[in-house]
Structure formats: structure tokens, C-alpha cells
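In the form predicted alone, a lone chain appears below as C-alpha cells.
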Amino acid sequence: MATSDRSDVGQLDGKVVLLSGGASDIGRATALRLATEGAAVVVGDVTLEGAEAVAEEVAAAGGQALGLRCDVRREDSVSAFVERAVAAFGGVDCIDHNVAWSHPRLDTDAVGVDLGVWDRVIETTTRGALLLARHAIPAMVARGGGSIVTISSGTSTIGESTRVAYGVSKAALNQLTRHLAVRYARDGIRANAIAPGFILTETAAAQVPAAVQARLAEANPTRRLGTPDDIARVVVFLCSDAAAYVNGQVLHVDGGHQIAGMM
């Protein structure tokens, strides 16, 4: 798969990566970047049409991909997703859990948060990551090991006055990551989380006013906003053999966003 900015040709050649939440934004960018580096990518999303569209985009660029429906809230859907990936490509080497759900208006504080919103956020973000790992790990062990990546958030390590469910779900992802790292390291499996700062996805660009984007970029030590590909490149690193001794870490990929006090 040809590209002019390929950083290390073929660093994921021969690897099979399962990607949940791959139909848009960071997930889409990650699918494209993984395929660029030689991986066969199984794109899962609750929207089948979106997953198939990204898989077709990868294939059109010369990569290998399969788009499947995967609702991480349903164990039967996750199990089928993993089984179909193994049937299509012969195994699983890496997984990247990229699914999250939030409702900023109703995800308020401990007293006021809508409990239905709380349950759905935890079910989608944290329980979904557990289910994907639960069903993929046996397949990874059968291949001799692999890498688990979860997309956390900078909010997982700070305190906020609102978005209590979102923050808790992401902090729980970090702890799940540490558990997986310790429990399955001797099976050859590493687990790490990525905590992005503000990433200028298509969704964010549509929702955040340009003036606010400009202020955020100016306040960041790098003087720019993050892009989906900034996250995708770190996913590639964590899935590759270059990260063979990186295990149990939460990597803040935010241009210095958090250490500069921007949160």
C-alpha cells in the first residue's frame, strides 16, 4: 500500500488488527494508517455501512480490510466479530478498542447525572473494552501473543466538575489496561492505553467554534491541535514490535496539553 509519508515500511506486515469503532474520526484514521503499515484490518462498528465504507477505502488504496458490524454492548456481537476476523485472516495479533459514548448535556455531576446515561457510558466504553479483550485474547494467545490498545482520554487522570460518567469510564479503561498488562504478559500479550487531548476530528470541527479551536491551539505548547492521524501513528507503534517492551502504560498524546494546565 503506497503512501508518501510512510514512516517505516511494513512494520505491521503479516499482523491482523481488530479495530472497534472504526467507521469515523480517529477510528477511520487508524484503520487507514494500520493498513498503510501492512496490517490486515478488521474494521468493526455499530454501523455496518460505515465499517464497510472504511474497509472499501482501505482496499481502494491497496490494503487489506474487512468491514463488520460490532456492537460492543452485546457479547454475542463481539464474539461473532472476533470469530469472523479469525475465519477471514487466520488469527488476531492486535486489538484497538476505539469505542466510546457520551451525552454532554445529561452527563453532569454525581447528584444530577442521568443514570441511564451513566449505565450506557460505562457499558459502551469500559464493558465494551472488556468484552473485546475477553474474546480476542484466546485468539492472540494461539498466535503467540500480541498487543491490546485502548483509547482512553486526558480526562481519565484529572478531576472535572461535569462529565462524571465519561471520566469514570476512561479511568476504568486505564485500570483495565493495567490488569491486562500484568495478567497476560506471560502469554506474550502487551496492553497499553492512549490518552488523547483535544483532537480535531470531523465531529469536533463541526461542534467546536473556530475561535475556540484557535484559542486551544494557541494555548497548546505545540501551537496546534491534534489530528486523528497523530493518534493513529501511536496505535501503529504500540501494535508493532518496536514497542515490544512497552506494557501497562497510559500514553498522553496531546502535544503537552495536560502538563500545560489546559484541562
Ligand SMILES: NC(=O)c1ccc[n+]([C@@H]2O[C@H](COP(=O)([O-])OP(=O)(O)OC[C@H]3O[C@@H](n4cnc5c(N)ncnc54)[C@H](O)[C@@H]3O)[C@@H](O)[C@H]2O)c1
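Residue indices: 1-based, along the sequence shown. Predicted, not measured: the structure shown is a model, and the values here were computed from it.
The form predicted in complex with this ligand is left out here; the points below concern that form.
Interface residue among 232, 199, 55, 40 relative to this ligand in the model of the complex, by the heavy atom within 4.5 Å criterion: 199. Only one of the listed residues (103, 73, 134, 179) places a non-hydrogen atom within 4.5 angstroms of this ligand in the model of the complex, and that residue is 73. Checking 134 to 142, 110 to 118, 95 to 103, 181 to 189 against this ligand in the model of the complex, the stretch whose residues place heavy atoms within 4.5 Å of it is 95 to 103. Within 4.5 Å of this ligand in the model of the complex, a heavy atom is found for not a single one of 148, 193 and 252. Although the partner is absent here, residue 220 is not a contact residue: none of its heavy atoms lies within 4.5 angstroms of this ligand in the model of the complex. Interface membership of residue 47, defined by any non-hydrogen atom within 4.5 Å of this ligand in the model of the complex, is confirmed.
Residue 12 falls outside the set of residues with a heavy atom inside 4.5 Å of this ligand in the model of the complex.
Interface membership of residue 16, defined by any non-hydrogen atom within 4.5 Å of this ligand in the model of the complex, is ruled out. Interface residues of 156 to 186, taken as those with a heavy atom within 4.5 Å of this ligand in the model of the complex (partner not displayed): 166, 170, in sequence order.
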